[in-house]
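Following this are structure 1 and structure 2, which are two forms of one protein chain, each written alone as structure tokens.
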Structure 1
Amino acid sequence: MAEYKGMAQPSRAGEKDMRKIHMEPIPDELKPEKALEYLDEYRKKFRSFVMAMESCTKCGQCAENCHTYLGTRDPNNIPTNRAELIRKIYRRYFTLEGRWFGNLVGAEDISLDVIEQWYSYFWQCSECRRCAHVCPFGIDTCEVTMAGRQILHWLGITPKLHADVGGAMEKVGNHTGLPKPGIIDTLEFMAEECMDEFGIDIEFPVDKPDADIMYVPSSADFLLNPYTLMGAGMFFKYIGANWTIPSTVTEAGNFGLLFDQRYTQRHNVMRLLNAAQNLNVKKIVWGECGHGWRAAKMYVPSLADRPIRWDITHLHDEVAYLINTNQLKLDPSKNSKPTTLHDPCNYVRACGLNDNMRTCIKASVANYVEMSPNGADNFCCGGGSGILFDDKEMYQKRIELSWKKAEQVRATGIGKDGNGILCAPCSICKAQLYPMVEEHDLGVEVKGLIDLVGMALDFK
């Protein structure tokens, strides 16, 4: 079912899929009362959620600042209205105001319809946090989306895409289901490609014991974004690093952040820490993945089950540091096509990667054009939080959700001769933008940032 009473919805994981990720679905007739029970638990725990429920003045500032509303013009995609889908229930059951004044203050009884509304609209939000950035109070509707998705998950309602990804991660250590032999084959093939195309001789050490650096790539780089992996490989070769890729965590992403922070996300954190301990590495360096970087940088400290012995940095941080200290020779003329940067939301609003990304790209390309707005003000690509659904209704939504991004890219003018480069250094952004630049006919090719750095490195 991809629609419920006219609302688009992603297709759901079946009972078997849910059990694989350790959830026992709740029968429909029990869902409303269980939803209240879970909501009550959630609100007693998370202040970020409580404040989003209790301090909005309905000023409306967030409306024109959310790409989902700009793309769909659906009032339920206005951030405060999205939050209101839970807030109306929250008020009715958990506030005096709502119990006394009911409808006057917008309180409403729980029902299956409301739960289905949650499923539709919390899965159109990309958890990009632009609403928090613009709200006069800093109200973070992403926190409400996270609450909504967690409750839905506990009820047994999760998109099939996300549930499958969670299951694959648990089974093989990455989202694409690629087992270790496949990883090794792919990496060998990429090393050959790198030699053929750039004349650079690299290798990808897997599970190398006592490596200094554990590099965690996005699994999408093995299949969809090979130049990102090659770029990283060239960079590590250039600096002569003693590095390795852990076969148990060939995944920078952590979909637990997006649908189940209690079990799935936590479990992935343990997996990461175990890998670092087993390989006895000194530092963890993260690959290009926006939500995954947020999960690693900001959530590992609060989810880890032991003291953390490793600094975790992002590859862009490390490259920028070496550029700033004049240790890399980069030749921007190797990337001469007009290039713009799409700022992944998690990088700029949750991880502070704004300046370092610019340091990297400006040193690596000859013809750089800023998009407007950019940095922390940037708009999401429309795929944020992995809403990369392929069913007909949701794919149509994805085109709408990327409308603002398309307008921004068009305004830079880089695609007018059909040879622009849209640098989008995040696997979800890439997966969203590959088809979307075609849908919107933008005349650009999508690339990662390390791709460009790798190609600009001057090995001579």
Structure 2
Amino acid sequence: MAEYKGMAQPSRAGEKDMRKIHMEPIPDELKPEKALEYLDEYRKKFRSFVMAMESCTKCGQCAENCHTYLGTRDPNNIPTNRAELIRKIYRRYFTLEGRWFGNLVGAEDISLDVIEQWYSYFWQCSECRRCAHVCPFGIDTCEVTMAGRQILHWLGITPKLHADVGGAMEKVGNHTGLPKPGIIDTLEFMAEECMDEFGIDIEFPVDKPDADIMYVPSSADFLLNPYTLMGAGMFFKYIGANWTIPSTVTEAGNFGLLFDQRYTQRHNVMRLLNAAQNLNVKKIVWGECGHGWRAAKMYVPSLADRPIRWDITHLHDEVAYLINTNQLKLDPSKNSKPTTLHDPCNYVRACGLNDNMRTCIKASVANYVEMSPNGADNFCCGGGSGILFDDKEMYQKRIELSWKKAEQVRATGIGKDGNGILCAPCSICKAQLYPMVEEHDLGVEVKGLIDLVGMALDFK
């Protein structure tokens, strides 16, 4: 087996097998046996996983709708074939025909080679759910990818990026490992930059008690996307909000959703709700992160260990509401370059942000060009679910996975003069698209949606 780095944390007393976290590494010779044990636990708990295992007719509808397959043309990246990597094991051990007839019915024994395939292909799937969107039976092969990654994690097989992120989030509440003094210093610097560039005097309050709004930014906004955080600050300044950023939760993303359920729970519940309770805030507003917003919107209510007494909304919803009620004065001429919108997968195929994102961008830019296809039909950026590895082999794979998105952007024509704007309202999308636009020579600059809103605000 290749060298992997896994995360190990003790389980809580009384948790079921599905929640076990093994402290000791599992030797290679025991991995097949343990993988089968975990697969059995998984199928018994999740009916959606069993549906994906037993309902696919191999119609092939998902093939030409998967950006990963279109970019690599690897048959194992066709969503149904990727699912088959685990389905053939399921068939061998958990169906009557598989136990009787084996490979005659497409069943296969579990082995280290099979587990190696799982690691390779489940980490090429970006969990964008476009395959589910087009499947005539509604099969969500993202569920299979999530199951495969979870089982791999239980085996101690997790990409170093995600293991390190999980550890950093566990320690300080963001994936960069930035402690509170670093957070405050960075925000003070951003406030100075905002005054120098836009002439707007803003404050980024940290751990302010009794605030009306607790804003959860992406930690990437402190390093890679400063205009996103400045845009949010200008927006809150404009509306006169009593707001704060919690030093213990400076990460809108939730990498637990991408490799392990327990990290999802600890970040959403142990940190998020504790911060809201300790600061006595009234509302939680989420920053620009697709999978993080999906985790917050869809999983907080079911994972919470206490009643949810806070409204939890997304920043784009807040902005769109004020636009629709004529409470936000925007000057789109401040953003005059031709602009198109990339739809983050989790926003439009899981969280219903399609219309509100367009309300925000159309009010903020003077020359909006719609991408095609768009909304729930749009293609992934190629970096979804944290496929942001920087080693030479995987970096090249990321560029392959972005081929379809590059084709979409080029078709809009916004980059023909080299001054277009590709709006990416998600921190992982931004991280993927920054190098993608250069590698594909698209002639566009990547900006967040709240970046554009902030720059269009009319403070006069």
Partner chain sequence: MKLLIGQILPFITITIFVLGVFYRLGRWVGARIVHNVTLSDPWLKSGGEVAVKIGTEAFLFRSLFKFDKALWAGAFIMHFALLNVLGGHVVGFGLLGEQFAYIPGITAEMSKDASNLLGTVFGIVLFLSIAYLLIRRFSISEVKSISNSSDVVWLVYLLLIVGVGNIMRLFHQFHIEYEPVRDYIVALFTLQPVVGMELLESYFFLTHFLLVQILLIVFPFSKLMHLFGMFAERWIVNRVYHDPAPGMPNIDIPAARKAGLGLPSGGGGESASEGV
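C-alpha atoms forming the largest set that superposes within 1.5 Å between two forms make up the rigid core. Residue positions are counted from 1 along structure 1's sequence. As the structure is a computational prediction, the values presented were derived from the model and not from experiment.
Only structure 2 of the pair represents the form predicted alone. Taking 2 Å as the criterion, Phe101 counts as shifted between structures 1 and 2: its C-alpha moves by at least this amount when the rigid core is aligned.
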